Structure formats: structure tokens, C-alpha cells
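This document starts with one chain, in the form predicted alone, laid out as C-alpha cells.
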Amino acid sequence: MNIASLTAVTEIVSAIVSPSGEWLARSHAHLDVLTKPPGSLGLLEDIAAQMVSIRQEEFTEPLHKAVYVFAADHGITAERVSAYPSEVTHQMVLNFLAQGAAVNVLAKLHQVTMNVVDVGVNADFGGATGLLDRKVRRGTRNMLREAAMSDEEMAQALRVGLELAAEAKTRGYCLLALGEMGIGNTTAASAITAALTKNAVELVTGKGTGLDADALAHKRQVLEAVIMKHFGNPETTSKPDPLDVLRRVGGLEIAAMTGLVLGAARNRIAVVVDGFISTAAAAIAFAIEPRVSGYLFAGHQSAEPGHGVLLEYVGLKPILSLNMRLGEGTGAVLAMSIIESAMALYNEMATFASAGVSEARG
């Protein structure tokens, strides 16, 4: 690993601190005197307390929200691991820019600023309006044959996310959603999951965009070969370095999302991860620096089997469970409305004292 090429990452990581324990205790004390039985709002109380611990004295200010959809292609599609051709990545980015995708509809409905980032699409967009051009290269290499990225390519993609997190702080965003688009990226996420968690490929690999049984079996065979090539037998080898996992079997969009998670934690910004692929990025960030987990919310649990494995690895509870597997940031944007609801309850409910309501007998 070329450490010199990752100076910006190491500097950011060294500056990450956990959310405030003092504010977390204050938030729970406040929740306990609101006009309700203690704990009766369930996960909403945990969400509100976590947000207060992140935002501290700014907890009463409005939640300025943005979603970042990172797009990139994957060389592993040459091995026929996806039901869709790689050209769909390019086509879907154009659909995002035309406001025609599911995430566009949800972002507009819930007043979330939409950002589409080309970090590695195998196409030329010709300066398309509304697109953030951060292209590192036109897709990763085929990880069955060689490492997906070089050290410098991975570092450049990580810096994309770090820089966007810093810009988000400057723009006053305090809640970010992670989204992605990249044909073949469930294969990359499965490889990351197997490498990080030491779970069998079969347990962490699903149908992705809709493979039939035979195609799924083929995808798993490809992934078995990928894991053996880059990491050897998981039963006899130690856990690899997370950045090495990212470089060998990750994607450019996954690297950029990893950088955004690290940068957001450094800037005390809460992040809602979406489905399997964005959670793979969060898992890499968590493996690099476990303190990032205090800044993370799991928007939902997808139908991909590896997603639940990663949520447990990072220690996240999904806010929603809707059997979704679209990606794009859809589940994360939906969950933002739940987070906003939790904060509204925290800030606007009366206390027993202010409402003149008797508390439970001790």
C-alpha cells in the first residue's frame, strides 16, 4: 500500500472523534421527561439522541439534507455477473439528470438536494448540466484478473468523497444520504463483505438486479475465484487491511462513498447509508476508523443477503425494512423523513412539567 498517496485520508481519520457522550446523556434525560411513557417512541428516541450527540448545541436548527449519488462502472461485468449491460450505468446517470429516477422523486418530495457524481462511468457526458464530474477513470479493472484499482486511483476516488464532505459542511448540510449507480457493484459489495467479515461467498451474495438461479450460481463461482485470488483461503488467512480490500475488489463509487463517510465524520455530519453497496463503503470506513459508526444511520435493510451481514458488522439497526433493493439512495432518502420526525418530536413535545401532566408513580 502506497501510504504517501493516502496522506489526506490518514489526516482526516486522525481527526475523527466520537459524537459527544455528554450530549447523548442530556438527550436521554430530556426524552425521559417528555409527555409519554419512557422509551415508548422506540427507535425514534435512539435516533433523536444520536442526532443530538452529533449536532450538540445545533440540535434545534433545521435539518439541511442532501443525497449524493455516485456512479461508476465495474470491469467485473465482463464475467457476466449482472442481468443488465454496463451501458445502463451511463443511461441511468442521464435519467438522474433528467429527474426521472426513483431517487429524484423521493428527493423532491422530502426536500433533499440531489447531487449526481461521475467518479468512474465508462462514458463521456460532455459537460452535462447538473453532473459533478469527478471521474478518476472509465470503470475499474476486472477484479477476477487483477486488482480493481491502483493505489493512486483508489486514493483519488477517496479524495472525491473527502472533498464533497468538506463542501457539504461549508454549504450547511447536516444530514447526508449515500446513493450509488453502477452495474456490477453488488458483486463488488459481496466481495468486500466476504473479505471483511470472513463469511462464505454463498451467504453474502444475492441476485443483484435480478439474476435467475443459474446466473446467481455463476456469480458466486466468480466471486469464489476473486476471493481466492486476492485473499486466499479465508479460513487460513488473517483479515486483510480494509484499504487493500477496497483497492483489490471495490469500485470507484464505493471508494468515493468511503471517503464521504470519513469526511462527514470528521466534520460532524450525520450520514444515512442506503442499501448493500453504500453499506459496503460504510463498512470499509468503519474498518479504517470504528468511531465513524456514531455518525451513521442505516436507512433500511435491503433484500440482498450480504446487507444484513454488513449492518451487523458495523453495528447498525435499519430504520426501515421495505424489501427494497434498488439502490440510488432511495431507502436513505426515505429514512431521512423518519429522522426529521424524531427530531421534531424531541424539540416540540411538551414535558410533564410544562404540560402539567402527572408522571408515572415511582
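Quick note: we count residues from 1 along the sequence shown, nothing fancier. Keep in mind that what you see is a predicted model, and the values were worked out from it rather than measured.
Below, we refer to the form predicted together with another copy of the chain, which is not included among the displayed structures.
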item: Segment that reaches another copy of the chain in the model of the complex - one of 49-57, 324-332, 307-315, 22-30, heavy atoms within 4.5 Å; value: 324-332
item: 4.5 angstroms heavy atom contact with another copy of the chain in the model of the complex for Gly100; value: yes
item: Close approach of Ala83 to another copy of the chain in the model of the complex, 4.5 Å, heavy atom; value: yes
item: Contact of Val105 with another copy of the chain in the model of the complex (heavy atom, 4.5 Å); value: yes
item: 4.5 Å heavy atom contact, Ser293 and another copy of the chain in the model of the complex; value: no
item: In the model of the complex, residues of 338-355 near another copy of the chain [heavy atom within 4.5 Å]; value: Ile338, Glu340, Ser341, Ala344, Leu345, Glu348, Met349, Ala350, Phe352, Ala355
